[in-house]
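Taking the form predicted alone, here's one chain by itself in structure tokens.
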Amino acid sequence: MTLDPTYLEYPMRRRGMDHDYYPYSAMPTRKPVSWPGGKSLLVWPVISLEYFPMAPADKPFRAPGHMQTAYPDYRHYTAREYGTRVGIYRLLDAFEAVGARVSIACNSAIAQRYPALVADILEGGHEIIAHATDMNATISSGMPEGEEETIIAETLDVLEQNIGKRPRGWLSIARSQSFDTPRLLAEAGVEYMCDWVNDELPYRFKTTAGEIVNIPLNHELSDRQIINVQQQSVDSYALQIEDAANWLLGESGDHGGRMLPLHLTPYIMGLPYRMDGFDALVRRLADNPAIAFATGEEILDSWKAQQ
């Protein structure tokens, strides 16, 4: 019996991934990017500033870092709040000491519950990226579109009310999206998202509601992955970041300006026995004349101006 040829036909077959969001793009084929000031590498620090409700929501999934033991889980609850009381200020001090401005991925609940902290962030000239309402607002396919739309709208509205401007960027919890997320973000006026991690430079992302840019926020080099999941030391973390920076600097000679994201968590990296190693890492990066620090919106504006 011969198999009907139509059985093997797949109308969405594409080069790269099977979708129309963006075309496949190999690094050697791209027009080189030039960063401001002739820098070869932009380091993009993103600090996740998160509010964990005492009772975790397990649908569609429990957010990384959420409560673990029987209710009330004060051990994890207070450890997370350590980040908003202590750890965040240590990280901000490390960057401000070298004149760096960073991006803060902020739950809207943080803006409501910690207004003085948000004021300090804004006073330092840092950027705030929308990061859902709180750590129960996870997103994945299967949830009603209206529910996701509400999360996005409430997050943006509350942050705008509290910081005086609408965030231009969006980071989903755990970088998790539904099939609707890029379109819903574009409809809400978000200019860039950080959830897709398949590159080291921004790229345009097409939706039926218009265009949004994805600025990839590397997961493998996050402090959560290296320090918490892999149980490595801050010295190992620093070595891997510098190895990545050196490799990217080497590539910049042939491929143009490169980008290195640093995804940081205040209750992980902001502990006192890690800060000496982290401070030293930030200083070494800042001392390299080929490297500069940048916020997400600075990277977005520079990149878009060259496209």
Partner chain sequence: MPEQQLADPGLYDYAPYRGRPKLEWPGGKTCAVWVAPNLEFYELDPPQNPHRKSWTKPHPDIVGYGHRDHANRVSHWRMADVMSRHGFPGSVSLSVALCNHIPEVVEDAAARGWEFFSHGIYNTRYSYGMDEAQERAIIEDSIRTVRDATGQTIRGWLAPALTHTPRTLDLISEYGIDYTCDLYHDDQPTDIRVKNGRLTAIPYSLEVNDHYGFFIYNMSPREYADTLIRQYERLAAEGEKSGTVMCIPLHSYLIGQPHRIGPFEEVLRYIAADGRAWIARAGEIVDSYRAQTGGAA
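Between two forms, the rigid core is the largest collection of C-alphas that superpose within 1.5 Å. From a predicted model like this one, the values you see are computed outputs, not experimental measurements. Positions refer to the first chain, counted from 1.
Form predicted together with its partner chain: not shown, discussed below.
Among heavy atoms of M17, some come within 4.5 Å of its partner chain in the model of the complex. In the model of the complex, N136 stays away from its partner chain, with no heavy atom inside 4.5 Å. When contacts are judged by a 4.5 Å heavy atom cut-off, G253 does not count as touching its partner chain in the model of the complex. Put simply, L239 is close to its partner chain in the model of the complex: some heavy atom of it is within 4.5 Å. Taking the partner from elsewhere, every residue among P28, F179 and V229 has a non-hydrogen atom within 4.5 angstroms of its partner chain in the model of the complex. With the partner omitted here, the stretch from 80 to 88, 191 to 199, 106 to 114, 128 to 136 that lies within 4.5 Å of its partner chain by heavy atoms in the model of the complex is 191 to 199.
Shown without its partner, this chain lists L221, I163, A186, L92 as candidates; in the model of the complex, only L221 has a non-hydrogen atom within 4.5 angstroms of its partner chain.
In the core-superposed comparison between this form and the one not shown, the C-alpha atom of A290 has shifted by less than 2 angstroms. Superposition on the rigid core between this form and the one not shown places the CA atom of Y10 2 Å or more away from its counterpart.
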